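What follows is a single chain, given as structure tokens, in the form predicted alone.
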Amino acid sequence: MTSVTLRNLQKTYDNATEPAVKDLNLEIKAGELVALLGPSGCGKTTTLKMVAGLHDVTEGEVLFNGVAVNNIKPEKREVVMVYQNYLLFPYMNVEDNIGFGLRMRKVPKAEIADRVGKMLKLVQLEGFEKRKPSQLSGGQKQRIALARALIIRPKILLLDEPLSNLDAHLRDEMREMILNIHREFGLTTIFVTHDQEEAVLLADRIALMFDGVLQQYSPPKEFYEKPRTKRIASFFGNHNRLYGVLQGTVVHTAIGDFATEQVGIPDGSKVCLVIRPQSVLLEHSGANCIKAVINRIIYMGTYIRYRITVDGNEWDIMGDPHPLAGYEEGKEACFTLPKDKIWLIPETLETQETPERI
């Protein structure tokens, strides 16, 4: 298996005033599945193409198992890239598309036939050998593209928004297939996506990028529970926020004091208290309690959404799908903030657009 290290990686296109990727540092372990996540134009695909060797590196290094590969041609890197648009050969049938890479490597015909058969079984398309791409659905085309990439036994698999052209049902199927293939082959895999849910469901770790700069690199859970900045918290969905000053592990706010378990932030720091809607409890525990009038109750099927106003900001709270006695629109109710679910963002990080180098 192969590890990937991106060291001070930078890419500036010709005539561009700003780099597309700025001073990027990433350590991807051998056999790990990592998502490059971010909005359009943030540098995700540019990074992927530098790993593949399809884009020259302006500054920095790409290393495989600690060895720089900047000057190694793409075809010598043992890396394959699967694109969102499949890029199948329209005049070739399925088995010829899958076996193309082996034919280019002059693998014996009998071995090609054997390996193509195994790949068709792996992607669950046995019986489709003679069909042309025009006779396949979008999901089937993506499976063929994946099989064509895997059949040459690469060391690193790169996926560029592989599910973006599929409908919701097919995306679910392909996610499962990608996970199963990743586990079976143990391939170091990097995939690009702008979909937070996709990144969370597939990745061991997520590298979130804004404007060509790495913002946070951590397991999916930490993006929900420990976002580094307000912008990161917002990108990963709705978070409730409250502002105050930290003393010890207690945040003093305009509506009361709230205990936390967070350490490492200096006393007297101005902070943003962050908690996710589903972490707020619909009860009065005596500590970390907020009393607020319920502005609106929205039945969502599997849960009820309560909207309240806290220190001038609208909060969302997700509760049990069965209405609680006394929790009615226009009435005051108690809500508790569990201290182990609170995350604090120092004002210096809460306001800045890009964090310090990580």
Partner chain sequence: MKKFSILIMLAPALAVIILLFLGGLLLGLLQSVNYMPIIGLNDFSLNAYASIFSDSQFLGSLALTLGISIVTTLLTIVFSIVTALALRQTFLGKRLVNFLYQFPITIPHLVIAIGIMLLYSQSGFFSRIATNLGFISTQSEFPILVYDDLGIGIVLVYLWKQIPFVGLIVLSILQSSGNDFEELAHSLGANKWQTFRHVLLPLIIPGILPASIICFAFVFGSYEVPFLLGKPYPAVLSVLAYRLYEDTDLSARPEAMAIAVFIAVFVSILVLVYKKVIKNVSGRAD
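Bear in mind that the values here come from a model prediction, so they are computed numbers and not experimental data. Positions refer to the first chain, counted from 1.
Same protein, other form: the form predicted in complex with its partner chain, not shown, and the subject of what follows.
**Student:** Answer yes or no: in the predicted bound form, does its partner chain come within 4.5 Å of a heavy atom in every one of Gly31, Leu33 and Arg175?
**Tutor:** No: no residue has a heavy atom within 4.5 Å of the partner.
**Student:** Hey, in the predicted bound form, does Ser137 get a heavy atom within 4.5 angstroms of its partner chain?
**Tutor:** No, no contact at 4.5 Å.
**Student:** Is the gap between Glu126 and its partner chain in the predicted bound form 4.5 Å or less for some heavy atom pair?
**Tutor:** No, Glu126 is distant from the partner.
**Student:** Even though its partner chain is not shown here, does Ile152 get within 4.5 Å of it in the predicted bound form, heavy atoms only?
**Tutor:** Yes - in the predicted bound form, heavy atoms of Ile152 and its partner chain come within 4.5 Å of each other.
**Student:** Would Met92 sit within 4.5 Å of its partner chain in the predicted bound form, counting heavy atoms only?
**Tutor:** It does: once its partner chain is placed as it appears in the predicted bound form, Met92 has a heavy atom within 4.5 Å of it.
**Student:** Looking at Val107, Leu87, Leu281, Leu201, which has any heavy atom no more than 4.5 Å from its partner chain in the predicted bound form?
**Tutor:** None of the others qualify; the residue that does is Leu87.
**Student:** Quick one: of Pro277, Gly101, Pro162, Gly212, which gets a non-hydrogen atom within 4.5 angstroms of its partner chain in the predicted bound form?
**Tutor:** Among Pro277, Gly101, Pro162, Gly212, a heavy atom within 4.5 Å of its partner chain in the predicted bound form occurs only for Gly101.
**Student:** Can you tell me which of 77-85, 218-226, 175-183, 114-122 lies within 4.5 Å of its partner chain in the predicted bound form, counting heavy atoms only?
**Tutor:** Among the listed stretches, the partner-contacting one is 77-85.
**Student:** Would you give me the residues of 41-59 that have any heavy atom within 4.5 Å of its partner chain in the predicted bound form, in order from first to last?
**Tutor:** Contacts from 41-59: Lys49, Leu54, His55.
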